[in-house]
Structures are given as structure tokens and as C-alpha cells.
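Encoded as C-alpha cells, the following chain is the form predicted alone, with no partner shown.
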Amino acid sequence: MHNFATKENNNNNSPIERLKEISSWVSSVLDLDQLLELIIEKATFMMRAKASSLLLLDKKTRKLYFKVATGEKKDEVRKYEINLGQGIAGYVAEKGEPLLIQDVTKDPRWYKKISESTGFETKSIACVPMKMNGDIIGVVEIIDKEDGSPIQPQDMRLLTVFADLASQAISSAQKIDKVRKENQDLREELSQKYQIIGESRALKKVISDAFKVANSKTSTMILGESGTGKELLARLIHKAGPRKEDPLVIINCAALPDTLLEAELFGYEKGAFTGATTRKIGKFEIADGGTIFLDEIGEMSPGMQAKLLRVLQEGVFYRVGGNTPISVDVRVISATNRDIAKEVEEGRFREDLYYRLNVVQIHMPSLRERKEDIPLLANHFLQLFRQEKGLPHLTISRAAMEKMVRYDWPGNIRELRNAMERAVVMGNGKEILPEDLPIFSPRKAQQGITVGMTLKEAVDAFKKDFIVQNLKHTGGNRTEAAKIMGIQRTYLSRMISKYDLRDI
């Protein structure tokens, strides 16, 4: 924290010059938390206050929480929250008008619990609202003067200036974040990352169904193999509907253990668990007004399924460690590559949750079900990679294209994209040839199996050939090969050692 004593003791440093200095911080200090502390610390010094604080309003819970606090009890004070309308700060936040109480003991609005609990004697309080675009976002308050005299009406004007500075700082930070997000979105759009490419009847049916459900809040489940573009379809549904200006929040349910997934989905309160030093807003809350996409929903544990169902049924949730119900308006899209109906039938996925999520079901076709789209996709990826690699005249040979159309693409569009990228990188820079494509026919895996083998010998022969073909397909990349085969990389490494395949 900065020390302002030297500068403040300079009598030539007028209040106007001091405020000019503070105003410059709003544009020069990039860390919002640090900037708010600087503003409140300067306010405390200039107004000779015994203590001060900045409280922000959480509109979902209708509570004020301490963002900044000064004074001898600042650490204890930060543990408290104040309901909107409660105490002096709650009153100011609710009414939006400044308030000066020169003797708190004579005012019925005085909420003395914090003062009594911390042992901090309070005589007078000045509190002013923080506003942004006409909305109350919090309050700034000072408590008593250092010399014991009550706060005076003339102090309110200066306190209002500091509250406005703090509001401006928060507004500037939000604008910067918005610009960053817009720039990121623009870069993503320019890179055509989220384009759905294809003219096949199967794909047109999917897109038609997506547009039909886009204008409703209906829960939609997207089914399909890995790599078919389920996330792209979810983005299309969001962007084609009335929620397109609001957030689309994506979370992979398979990527996190239960405790972290719950915290990611619903957020948590400060102190909810070890390491929770601040409040965290969850994905459902961030998606308010927009859409949440729950990818790989079939991987969710029974415990998390129950918690998600409760949220969908009741329309409210609680942050981890919190007891205030939070209500949000969120459209839910989910996706899985599992046979989800079979998962329900065999008791691995809750039937009641399935019916909640599966109001509308869209099946994303595999690439082998829409082979007529392969040339379009191949040329799309060629355009991306030849720009990226600086090969503007690179083309695909007819033989290479025929090889791609004949291939079944078990890894779907993701595999095709990877194959095109490798062909661009490893080819001659002029024309992509069949041998540049890391693809093979799965039928080759059966060539080593003959009549007369034991079952174990046949299984071993199949495994060995299967691993060899996948490693060739990925150029020796074990991680990518394991992903395509649907096994752990460590298990693949053990198989490579077992069958002595280290040279591939």
C-alpha cells in the first residue's frame, strides 16, 4: 500500500491538486482492487477519518459486502455482509441518497452489530451511494474523525467525489473487460472457428432443427460422436435466438471432479472451503439471461446429477457455503457422445434429469453419414492452414481427395482437421498427395488374424495391429492416438512396451 504522508504534509499541495492526482489513477492503475484501495485510503487521509469502507452490492443476493476497509478493525469488518435496507449503508444503497448521522445512538437506522462485535466504538457516520448508469452499485462511508469530532455536512461533498471516482474506476474496468471480450470474439469470428460447413441433407436437417428451437427457452440435448461439432451446434442455437447478446457459457462436465464442478457451476462464498479467499461467481450466474452449454453431460456423477436436477426443478441455487437463494434465467443446452437412453435404462443416468434436459433432441451426424461434405470441409481447412503456414497456392490432389472421401473418419471432423493440418505441414508445399494424409483403413487391422489362432493370440494380434495403425495415423503422437482409441495414454504406453512397438 502506498504511503502518502510525505506528499500530504506539503502545504502547497491543494485539495484540487490532490483530486487531480487521484483522477489520473483511474486511467493509470490497471488493477481494480488496488485502485479502489488507493481511492479509499486517500479519502480516509484527506478527510482525517478514523475508518472508512467501500461496500459493493450483490444484486442477486441483495447484500452489501466489504470490498475495501480501513481502520484498526478492517480485517474483522470484512467478514460481515449487510442486507439491502439494513443499517446506514443498507439504507443508502436502497434509497440512493447520501446520509450523515452525527450521533448514531439517536438514529433508529443504526445497525450496531458490527461495531459491537468488533469492539470498534462509532459515534458518527457519513455514507454516500456509488452509482453507475443510474444504478446503485455500492456505497462509500467514513466513520468518525481522528480527533473525535463528529463528521460535518461539508465533508459530504468530498466523500461524494471519492464515491464517484470509485464508481468511475469500476465502470472503466468493466469497459476494458468488455472491449477485451469483443476483441476476442472478433478474432474468433475472423478465424472462422465456429463455422458449420456442409451442404448435405443430414446437416441441413440438423441446422433446420437448430433454428426451430433457437427462439425458445426449451432445453435441448445434442447427441453425436466425438468430433462431430456438437459445441458448434450449441453456439448456433444460442446465436440464432433472442439471447444472442447475452452470455453463452460452456463447461465440460467431464473435465472436473465433483467438488470443483459444483463450485464452477454454482460459485462459492468466501471461506466456503480452504483456499476460498474471495467470493466466486458460478457459471449459472454468469449465464443469467443467456445460455449454458453442459458438454459431456453423460460423464456427470450421480451426486452432481441430483444437484443439477434440483436447480432445474426449483429455478434457484445456492453458492457453495452460502444460504441465500439465487434465481437466474438460463437456457440449458447439453451434449453427450454416449448412448444416453441406454445409460438411463441401465441406471447410470437419472431418468428425471434426462427428461428435463431432453425436451428436444438433435442428433449430430458423423462424418461418414455425410461424406458429400468431406470436400467442402477439406477445402475449408486447407484455406485456414495455407494462410497460417504462408502457402497460398497449395492445393489438394484428386487422388488425395478421393482417399479422404473413401475413408470413414472415426474421429469425425476433428480428425479431418488434424489430418489436413499435418498434410499441409509435412507435404511438399505445392500439392497435398495421398501419402501426406495420416489416414488408414480400419480393415487392415484384421490382416494379421488367421484361422488356427487361439482367441488370446487373435486378440493380441488385433491389439498390436490396431495400435500400429493408430500410431502411424497420428505420426507417432501417443496422446492423439490414445484419444482416438478412447484409452488412457498410460495404458497405450504399457501396450507399446508389451508388444515392443517403441520404434513406431
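Given the structure is predicted, the values throughout are model-derived calculations rather than measurements. From 1 onward, residues are counted along the sequence shown.
Same protein, other form: the form predicted together with a small molecule, not shown, and the subject of what follows.
Contact check for residue 230: a non-hydrogen atom falls within 4.5 Å of the small molecule in the predicted complex. Using a 4.5 angstroms limit between non-hydrogen atoms, residue 363 is distant from the small molecule in the predicted complex. Residue 104 falls outside the set of residues with a heavy atom inside 4.5 Å of the small molecule in the predicted complex.
Of the heavy atoms in residue 413, some are within 4.5 Å of the small molecule in the predicted complex. With the small molecule omitted here, the record of contacts in the predicted complex names 231-239 of 428-436, 231-239, 113-121, 300-308, defined by a heavy atom within 4.5 Å. Each of 196, 226 and 377 places at least one heavy atom within 4.5 Å of the small molecule in the predicted complex. Checking 417, 244, 205, 73 against the small molecule in the predicted complex, a heavy atom within 4.5 Å turns up for just one residue: 417. The single contact residue among 269, 295, 155, 285, judged by any heavy atom lying within 4.5 Å of the small molecule in the predicted complex, is 295.
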